[in-house]
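Presented below, as structure tokens, is a lone chain in the form predicted alone.
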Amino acid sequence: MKLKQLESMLGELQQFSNPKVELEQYPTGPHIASRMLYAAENSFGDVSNKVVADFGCGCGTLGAAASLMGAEQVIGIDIDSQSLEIASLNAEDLELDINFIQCDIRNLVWRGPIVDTVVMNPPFGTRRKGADMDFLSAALKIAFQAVYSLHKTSTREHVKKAALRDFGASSAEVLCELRFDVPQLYKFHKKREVDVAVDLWRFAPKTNQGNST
């Protein structure tokens, strides 16, 4: 699938109608989501015919992108039941077979299939400090092949140090810097839209050091 076609299809998905500020629910836009999964597949072969998990899946944009890029199986995990309802409807609209699980990532005990790749747009940790690192820690415990994640560029050194020193990653690479459009969703937002600089990271767990195929 071509990048423009993927972005166009993701642009049709429903997004949060009543986002929860405590969960830092911001939609992952089609521009970022399409490039994230396109890079994961075309540069590293981490999507097609793989088992992909979308941590904190929200409305299911990243999981849908993985499925459209040929993932063998996609699992979406989120703590919020309303988000999972929207994600399920989005999957139905695109005729995608995606499994959804309601779970707090911090309490995740994985007994499912081996997950090759985790994709995620975790909370930035502005409402609950350390939320982004909780997601990264959990993802590196589950993923066999790679973790793709978005983090604020301002936290780059902290993210790299935590991944390599604390969470057992064998590598942590910023693939590119992107502009994340944060729309005016909450009352405390003063501006209609804000651009936040984010890094697209690829982490490799230590258990799969040297294997990128």
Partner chain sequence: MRLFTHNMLSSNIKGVANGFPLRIEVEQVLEKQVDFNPDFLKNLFPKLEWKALVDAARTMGYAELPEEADSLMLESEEFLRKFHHALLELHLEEGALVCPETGRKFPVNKGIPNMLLHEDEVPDLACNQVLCPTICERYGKVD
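What you see is a predicted model; the values in this text were computed from it and never measured. Numbering follows the first chain given and starts at 1.
Omitted here: the form predicted in complex with its partner chain. The next part is about that form.
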Based on heavy atom distances of at most 4.5 Å to its partner chain in the predicted complex, which listed stretch, 171 to 179, 152 to 160, 61 to 69, 44 to 52, is the contact stretch?
44 to 52
Please tell me whether any heavy atom belonging to Leu84 falls inside 4.5 Å of a heavy atom of its partner chain, as the geometry stands in the predicted complex.
yes
Quick one: does Arg106 come within 4.5 Å of its partner chain in the predicted complex, counting heavy atoms only?
yes
Can any non-hydrogen atom of Ala91 be found within 4.5 angstroms of its partner chain in the predicted complex?
no
I'd like to know whether Ile142 contacts its partner chain in the predicted complex, with contact meaning heavy atoms within 4.5 angstroms.
yes
Should the three residues Gln73, Ile79 and Asp116 be counted as contacting its partner chain in the predicted complex, with contact defined as a heavy atom within 4.5 Å for each?
yes
Evidently the Cα separation of Leu10 and Gly112 changes by 3 Å or more in the predicted complex, so the atoms lie farther
Having a change of 3 Å or more in the C-alpha distance between Pro113 and Gln145, I'd like to know whether it is closer or farther in the predicted complex than in the form here.
closer
